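Okay, here we've got a single chain as structure tokens, the form predicted on its own, with questions on binding and movement later.
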């Protein structure tokens, strides 16, 4: 098939590589003139594609995606297809679909997982939209997914793909937090001599074996105690959206919420909170915590 890709960063660029290796023709555009783009504007990208066109949007969620979809709505023709493969919030998808539908343009939202390894391993794809539109682009999706039976699903109507990816990322938060807590517990125990090697041993035969453990082994080969890794983890929004959605649906998500708060705390968000707690403890109980004592622990 032929497709246009908007956004040639770490994800988009690797997806283009996998698609081209699979025999598809891809016209790439990125705002960065130093990227490996084929055209220098959205107008040029649309002009380079044969109708009916397929355009994949792989830019940051929010304003960048909104602006790109709005521009495409004015450039594309009825029967064309837009796929949003970024991490947009599922509630944005309905708005984008309605905007494009007014011009006769079809829309799919696609949650993409695979990171920088996707070009080699393939990407897990969670799609939302009409089945007819999904089937029209299936050859592209089949090339992007991993080999084998799994890795591609039509999750539901518009919004379903990004909703599924949101839940996927919430689960990912919880899994990584659990591994981190286990590693930290072993690091502080006299009973485990090599926590990293112990966790790596779980890659075979264990019920917690996973690709995350494979990546953990990569990270600890040269730094088994992860001393060179900063103790700060950013959060990109999906876990927060999942907790909000779950609250609205009456679903308790304590593991996801705890992992989310741990990341926010790592970025210094709890400093003022803990200063208040420490100040109050000092007032009512005389519990004095000195800065130099903290630095030695």
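Residue numbers count along the first chain shown, from 1. This one's a predicted model, so the numbers in the text were calculated from it and none came from an experiment.
Omitted from view is the form predicted in complex with another copy of the chain, to which the following refers.
Trainee: Even though another copy of the chain is not shown here, does it sit in the predicted complex so that 28, 47 and 87 each have a heavy atom within 4.5 Å?
Mentor: Judged in the predicted complex, none of 28, 47 and 87 sits within 4.5 Å of another copy of the chain.
Trainee: Taking 4.5 angstroms as the heavy atom distance cut-off, pick the stretch from 132-140, 96-104, 201-209, 69-77 that is near another copy of the chain in the predicted complex.
Mentor: Within 4.5 Å of the partner lies stretch 201-209.
Trainee: Can you tell me if residue 257 lies within 4.5 angstroms of another copy of the chain in the predicted complex, counting non-hydrogen atoms only?
Mentor: Residue-level check for residue 257: yes, a contact with another copy of the chain.
Trainee: Using a 4.5 angstroms cut-off on non-hydrogen atoms, would residue 234 count as touching another copy of the chain in the predicted complex?
Mentor: Residue 234: contacts another copy of the chain in the predicted complex.
Trainee: Could you confirm whether residue 246 comes within 4.5 Å of another copy of the chain in the predicted complex, counting heavy atoms only?
Mentor: Although another copy of the chain is absent here, residue 246 would touch it in the predicted complex, with heavy atoms inside 4.5 Å.
Trainee: Look up in the predicted complex whether residue 264 has a non-hydrogen atom within 4.5 angstroms of another copy of the chain, and give yes or no.
Mentor: Residue 264: yes, in contact with another copy of the chain in the predicted complex.
Trainee: In sequence order, which positions of 172-195 have a non-hydrogen atom within 4.5 Å of another copy of the chain in the predicted complex?
Mentor: Result: 172, 174, 175, 176, 177, 178, 179, 180, 181, 182, 183, 184, 185, 186, 187, 188, 189, 190, 191, 192, 193, 194.
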